[in-house]
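Quick setup: one chain, the form predicted on its own, written in C-alpha cells, and binding and motion questions come after.
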Amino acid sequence: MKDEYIKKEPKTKEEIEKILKKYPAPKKLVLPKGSDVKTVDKLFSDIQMARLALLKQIIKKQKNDNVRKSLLLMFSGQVTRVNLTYHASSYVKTENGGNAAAFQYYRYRIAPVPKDVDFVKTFELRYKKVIAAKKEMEYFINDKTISNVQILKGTAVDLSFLHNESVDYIYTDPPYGKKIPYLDLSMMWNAWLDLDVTEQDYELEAIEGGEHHKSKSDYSNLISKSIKEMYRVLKFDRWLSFVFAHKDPEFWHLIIDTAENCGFEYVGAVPQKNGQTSFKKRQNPFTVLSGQLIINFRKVRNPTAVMKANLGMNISDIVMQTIEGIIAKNNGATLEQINDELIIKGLELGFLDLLKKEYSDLTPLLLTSFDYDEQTEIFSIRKNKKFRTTVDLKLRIRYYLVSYLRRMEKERKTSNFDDIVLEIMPLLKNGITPENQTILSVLKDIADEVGSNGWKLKQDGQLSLVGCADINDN
C-alpha cells in the first residue's frame, strides 16, 4: 500500500488537480461558529486534500474488512496531523509532533504557521502505534474471545440492553458541561470518514451550549438520568468511578446529590495527574484542577450521605487537618498535592468559594507551619513536632516512623525497636496513646528487620499505605 501511494503521490499542480477531480474530497460540512473558515474543505490545502484523498482511495481497495477498518483508524490519525490547524507544540518536541486546534483550542483555528509533516512517515508512525495496540490486546481479544466483545453506539441515559444488577464495575468519563462541544468538533473527521451525525445524536449529547444551544438544564438532566441508569445496572457492593474535570462546584454537587438520591454512597475522590501543571493551575490553585479527579461511589443497601459544612463555621481547622493529613499520607507533600487535596475537601463540604477567598495563596501559612525542602519542593512536619490536628493514628505513626528511619539511614545507623518507640511515642501524645503492638504492626509494614532487633526502611517501591483510613473519617 505504501509503495502504491509513493508511486502515485501528487507533486505538481497538475497531478494535484487530477487527483482532486478523480477521487472524492471530504464532505463540505458547515463548521461551528467561531471557526476560522466556514466549511471542512477549507481546513486543508490542495496538496493536503489530494494526498489524503489518494491514501483513502488506496485503503478502501483493501478487500479484508478488518484490515481496511484498521487502516481507516490510522487514516483518522493522519487527518489529525495533515490539515491547516495543525501547529508546532511546546510540549511535543518530535519531528512530526504538534497539535490540532480542535484538541488545544476547542475550535477550528487556522494555524499562523501550519506544520508540514512528512506524509508517509506520519502514516507509518500511525501504523506502528495501531499494530502495537493490537499486540497488547491480542491476549484478551482474539479469535476465541471476539464473539464476547460488544461495541455499542448509544446513550448512557438508556442502558436497556443491560439487566438490573448485572454490571461489576463502571468507569465513566462524561463531557464537562460547556468546555468541549464534542460533536461540533468531530466534523473534520466525520467528513473524511463518511460518518453521519444525526439530530438524535445532538439531542442526546450531554453538553452545555454548542451549535444546538443546549442549556445547563439539558446537560444536568442527561447526566442525572445516566447516573440513575448506572445505579440500576450495577450490582450491590460494587463501584462506580466518575471522572470529574470541571471548574464548577455546582456540577460536583449535581453528581454527588444525584448519586446519593439514587442510593450510591460517596467513598471519596482521588486526583489523577495528566503529567503537567498548567500556568492557569499555578496562578489559580483553587479554580483549576491539575489533571482530574476520580469520584468513587459504591452501591450499598444503607448508604451514608456526604457531610456538609455548616455556614459560618471556622474552616481554618479543616484546612490545617487536610494539610497535615496529606503530608502524613504521602510522607511529605508538594504545594500542588496540598492544593488538590483542599479542592476535594472544599468540594465535599461545600466551602470551595470561601477557601478561594481566604486561602488564595497557601505559601505563607505553609512556610510558617511546616518544614520545606527546596530541592524536592516537599513540605513536612517540623522535626520533633507533633501533629496539631486529629489525623488518623496509624497515619501519624507511619509518618513518624518513615521520617525517623530515613534520618537513621542517612546517618548509616540501624535502630532497635525500643529506640524507635522512645523516639516517636512523645510525638503521639496529642490523642490516643498507641500500644507498642500498634507501632510494631505499622513498623513491620514499612521496614525490614535487620539482625536480632534492628529495623531498616524498605525500598520506596515496597512501601504500602498501611492503616490509611480515609483522613476524612477523623
Ligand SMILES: C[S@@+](CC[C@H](N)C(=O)[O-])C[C@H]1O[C@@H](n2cnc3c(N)ncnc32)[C@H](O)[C@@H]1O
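Start at 1 and count along the sequence shown; that's the residue number. All values derive from a computational prediction rather than experimental measurement.
Unshown form predicted in complex with this ligand; subsequent notes refer to it.
In terms of contact with this ligand in the predicted complex, the residue from Asp317, Asp373, Asp173, Glu211 that brings a heavy atom within 4.5 Å is Asp173. Of the residues Leu185, Ala206, Leu254, Leu352, just one reaches this ligand in the predicted complex with a heavy atom at 4.5 Å or closer; this is Ala206. Shown alone here, Gly154 lies within 4.5 Å of this ligand in the predicted complex, counting heavy atoms only. Look at 139-147, 339-347, 197-205, 112-120: in the predicted complex, residues with non-hydrogen atoms within 4.5 angstroms of this ligand sit in 197-205.
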